[in-house]
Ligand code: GCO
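This document opens with one chain alone, in structure tokens, the form predicted on its own.
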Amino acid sequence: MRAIAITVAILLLAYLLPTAYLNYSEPVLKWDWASIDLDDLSFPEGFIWGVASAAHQVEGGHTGNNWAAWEQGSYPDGRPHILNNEETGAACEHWERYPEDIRLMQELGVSSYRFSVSWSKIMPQEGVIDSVALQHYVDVCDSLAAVGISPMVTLHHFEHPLWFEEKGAFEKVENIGHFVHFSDAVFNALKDRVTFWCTINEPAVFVIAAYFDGNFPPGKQDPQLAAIVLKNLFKAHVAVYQHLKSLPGGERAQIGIVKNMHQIDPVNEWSLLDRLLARTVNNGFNGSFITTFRDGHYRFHFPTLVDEAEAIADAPSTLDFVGLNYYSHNGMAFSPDLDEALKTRMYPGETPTDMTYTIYPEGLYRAIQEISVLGRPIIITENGIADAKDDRRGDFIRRYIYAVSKAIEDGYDVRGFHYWSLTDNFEWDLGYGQRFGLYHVDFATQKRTLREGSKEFQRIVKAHSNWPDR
């Protein structure tokens, strides 16, 4: 009996000691919000305050890209893929109404507008540039500059031409040249108007949704292919960065890539299996980005599913800044059933958003810490909440912006913050039900109305805009 008791004690210690160590070294950060003064904010001179959008979600009129085909059931499975069978259609009519939307930005007091340019409109056929579409973005940039708002351009935000998709898109490394060609055309048209350039938005999110979950086009569920596509997206960033820097005006451009740092945490912090599972998933979703752009070595690994590795030696030298998108975290619980184990869960005890994650501002502070290992200036390129009732938005804004202020106070090099999004828009496979906008949009009339909760953002921006020349 004594031997059994000793064995049990040893096994228990073998379980508890590493779990206790992980709880100490990798805590799920929690702040005592009752003791925090949310008005105790400080931002450096020249801090960038902005809003963000993406072409396919707001412009309307997209007919020749991967998402239009996805919405209309033109993929091999022959069915629509958007919640409630919705289609983007006219979206927010931002293509035509951008002067009105710029006036909304002025009301907020922001100094930056991050938006994406539509590859499918600018290059509707392989090698063919639509000069009218390209001129549209020149006009947008000039209109922004006229009122003191700086454009930040994203070259790929989940959307690309159908002809590129039919070639295999980023599944094939040889297709990267098409993206470089498109980026070249946009850069040469806008280089005198744009300082900040984002090459690719959220490569890991795109890959997980399109090649793991199958919710984004092309809707494949192939983990090994997902790892290859993610690697090729990183290579595409490197190729575009190097090419644009070689062009006249390239030395003035600030070029980065945008990473979503959504964390996966253990549902049960005292479960070693939950912790190991969460760490494994984090290593794939976040770690592959860090190792590529810090060390020049790409690896995407998940036991029994995928293992893809390759040196991308030039990657660490291709970031003038890093764009950080952050919304929340999710919980993960171990299960012998792999499908069940890989389900992400709302983290227990937290206030939910309208999406499948909770309000967790401490995670933004953590994300800034995590991505700071790259040693580059950080610009928050997206942060916002889906809140149709507008009963959480104001508190969300105050707490997440507090997290940014605290990170700066603690020495992290954060240069700007862009709220997602300016207006309600088309939330990809979830359609129009998710309301992220600072401005509510009545899609029947296109009327924009500033939400009550959004006035917290407006108040903070106006109180802390300290550009020396504004």
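When you see a residue number, it is the position in the sequence shown, counting from 1. Being a predicted model, the structure only gives us computed values, none of them experimental.
There is another form of this protein, the form predicted together with the named molecule, and it is not shown here; the text below is about that form.
Taking the partner as it appears in the predicted bound form, which of 27-35, 42-50, 398-406, 428-436 has residues with heavy atoms within 4.5 Å of the named molecule? Flagged stretch: 428-436.
Whether Phe179, Phe196 and Phe321 all lie within 4.5 angstroms of the named molecule in the predicted bound form by heavy atom: No: none of Phe179, Phe196 and Phe321 comes within 4.5 Å of the named molecule in the predicted bound form.
Note which of Phe187, Tyr357, Tyr298, Tyr211 lies within 4.5 Å of the named molecule in the predicted bound form, where distance is taken over heavy atoms; exactly one does. Contact residue from the list: Tyr357.
Name the residue from Glu382, Glu370, Asp387, Glu165 that puts a heavy atom within 4.5 Å of the named molecule in the predicted bound form. Answer to the contact question: Glu382.
Though only this chain appears here, would Glu202 touch the named molecule in the predicted bound form if you measure heavy atom gaps against 4.5 Å? Yes, Glu202 is a contact residue.
Can you work out whether Thr423 and the named molecule are in contact in the predicted bound form, taking contact to mean some heavy atom pair no more than 4.5 Å apart? It does not: once the named molecule is placed as it appears in the predicted bound form, Thr423 has no heavy atom within 4.5 Å of it.
Tell me, yes or no, whether Asn260 is in contact with the named molecule in the predicted bound form, where a contact means a heavy atom of each within 4.5 Å. It does: once the named molecule is placed as it appears in the predicted bound form, Asn260 has a heavy atom within 4.5 Å of it.
Quick one: does Asn330 come within 4.5 Å of the named molecule in the predicted bound form, counting heavy atoms only? Because no heavy atom of Asn330 falls inside 4.5 Å of the named molecule in the predicted bound form, the answer is no.
Mind listing which residues of 47-72 have a heavy atom within 4.5 Å of the named molecule in the predicted bound form? The one in contact is Gln57.
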